[in-house]
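As a starting point, one isolated chain is supplied in structure tokens, in the form predicted alone.
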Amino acid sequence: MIDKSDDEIISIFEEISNNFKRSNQYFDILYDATSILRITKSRSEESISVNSKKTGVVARTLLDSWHEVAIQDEIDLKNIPKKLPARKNNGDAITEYDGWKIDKEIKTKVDPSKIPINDKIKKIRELFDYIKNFDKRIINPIIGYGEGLITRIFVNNEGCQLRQVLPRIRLFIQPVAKEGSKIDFDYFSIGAEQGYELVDEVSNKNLDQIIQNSLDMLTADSPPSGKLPIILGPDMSGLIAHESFGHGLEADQVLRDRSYLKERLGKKVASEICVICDAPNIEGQYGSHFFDDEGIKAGKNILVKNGILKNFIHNRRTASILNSVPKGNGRRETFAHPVFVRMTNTYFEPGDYKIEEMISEIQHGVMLIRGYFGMEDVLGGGMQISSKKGYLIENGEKTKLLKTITLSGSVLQLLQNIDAVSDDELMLRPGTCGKGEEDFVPVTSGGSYVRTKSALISPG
């Protein structure tokens, strides 16, 4: 346990950093304090997981590769310089940036730490009971609540002194409905860098709609199969931007020859009306931060502009190797996890169509509106994602509600077939993303409505 004030930590980090001259080698040190609470309730279980302020420090230097040391005991801080190798005249092994300073703490309207845990459990039980008692066809309300408070302090030998405190909260509701032999559901998910006010703002009217959405799925039709014009809701366009496309832009994959986009930089990869971005600096979003875990200031990264692939997604090392500019995508799950190139808030920017106009121009097609599952294929550029529900479009009108729809094929072909993007306000949904099956970090994805002339769909 490292029990020091934030000012004391910065002072100690400065002292440690002075042992490493920048012209000889790059050095940085990161403090991580994370508190997490999770509550899950369903018909079969009620679980509570509490991790109250786990702290640790990771320091590293770059020689031919990264050398890191992670500690949890305060007494080990003074030994960090002894545990890392030293070298002279190796400072140009990685690009040098100007040092900067920031001290930011996001303030919440309702501080979750001030709400007793028993009150939070009571609230989840109240939500569960309300949903369960709404209609006898609701057989299993599933509710997940999560909150976290993360403090990161970063110092390096380029002059960075950075501190950020980020509260994150998330609520997931899935009312499972059954009638006869039919079982189905819809779901609701919100999350942000906010406080407990996010939960308090969920009204009975909201719950009624969530429940009714699940009940409606019991009578939904199966979707058609084949190549059809489709409209992707923000959930689905976000899945495309993140899973099917974004993972192929991670520059560590590019350097390992594991990305189908390696040779596409500066080339056309999408329709001229497409703009796709990753931006960790969007205020209040679940995947946002002021700086990443390598001390890089969060900034907007325009990945695709007017259909042309403009940038990959970088950490410090990949940006240095590929002579690019990092925008804040070097991320760790905690101090005990490695830094990887990771997405943050990844989305399609709004266009200039009205959604009603997009629908009216389709004679026979499908709208996919609830992102449910996505699988990456960074080597081949294949697409395999599903929407929990959608709508049939007939003669320019949205008609029948549809069950799960799978979208497959080539992601680049889909992107190049896009012929309309709606002017709706940017809509993002929270989630977590792993590098493989571990190292999870908070992200969001989304955009507005996107129409493509032809895409391969089938029942989910």
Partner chain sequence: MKKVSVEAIEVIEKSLKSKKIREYEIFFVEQDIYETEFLKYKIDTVREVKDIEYVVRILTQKGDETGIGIVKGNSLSLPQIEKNIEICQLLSKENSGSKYNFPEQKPQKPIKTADQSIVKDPIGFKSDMSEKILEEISEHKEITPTFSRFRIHIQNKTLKNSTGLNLEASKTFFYIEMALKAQSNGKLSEAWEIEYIKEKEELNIERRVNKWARIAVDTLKAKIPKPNRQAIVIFPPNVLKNAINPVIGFHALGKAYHEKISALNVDAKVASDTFSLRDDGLLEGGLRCNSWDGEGNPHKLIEVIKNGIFKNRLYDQKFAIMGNTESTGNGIRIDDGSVINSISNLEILPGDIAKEEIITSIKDGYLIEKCSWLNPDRFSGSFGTEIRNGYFIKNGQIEYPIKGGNISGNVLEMIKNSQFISKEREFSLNSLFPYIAFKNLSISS
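Positions refer to the first chain, counted from 1. Everything numeric here is computed off the predicted structure, so don't read it as measured data. Under this definition, the rigid core comprises the largest set of C-alpha atoms superposing within 1.5 Å between the forms.
The following text describes the form predicted in complex with its partner chain, which does not appear among the structures shown.
- For the residues 69, 426, 392, 433, the 4.5 Å heavy atom test against its partner chain in the predicted bound form is passed only by 69.
- Of the candidates 322, 183, 93, 86, 183 is the one whose heavy atoms come within 4.5 Å of its partner chain in the predicted bound form; the others do not.
- This chain is displayed without its partner chain, yet in the predicted bound form the stretch 140-148 from 287-295, 196-204, 302-310, 140-148 comes within 4.5 Å of it by heavy atoms.
- Taking the partner from elsewhere, every residue among 55, 118 and 121 has a non-hydrogen atom within 4.5 angstroms of its partner chain in the predicted bound form.
- When contacts are judged by a 4.5 Å heavy atom cut-off, residue 257 counts as touching its partner chain in the predicted bound form.
- None of the heavy atoms of residue 81 is located within 4.5 Å of its partner chain in the predicted bound form.
- Interface membership of residue 400, defined by any non-hydrogen atom within 4.5 Å of its partner chain in the predicted bound form, is ruled out.
- Interface residue remark: residue 164 is not counted as part of the site for its partner chain in the predicted bound form, having no heavy atom within 4.5 Å.
- In the predicted bound form, 43, 44, 45, 46, 47, 48, 49, 50, 51, 52, 53, 54, 55 are the residues of 43-59 with at least one heavy atom within 4.5 Å of its partner chain, listed from first to last.
- Superposed on the core, the two forms differ at residue 116: its CA moves 2 Å or more between the shown form and the other one.
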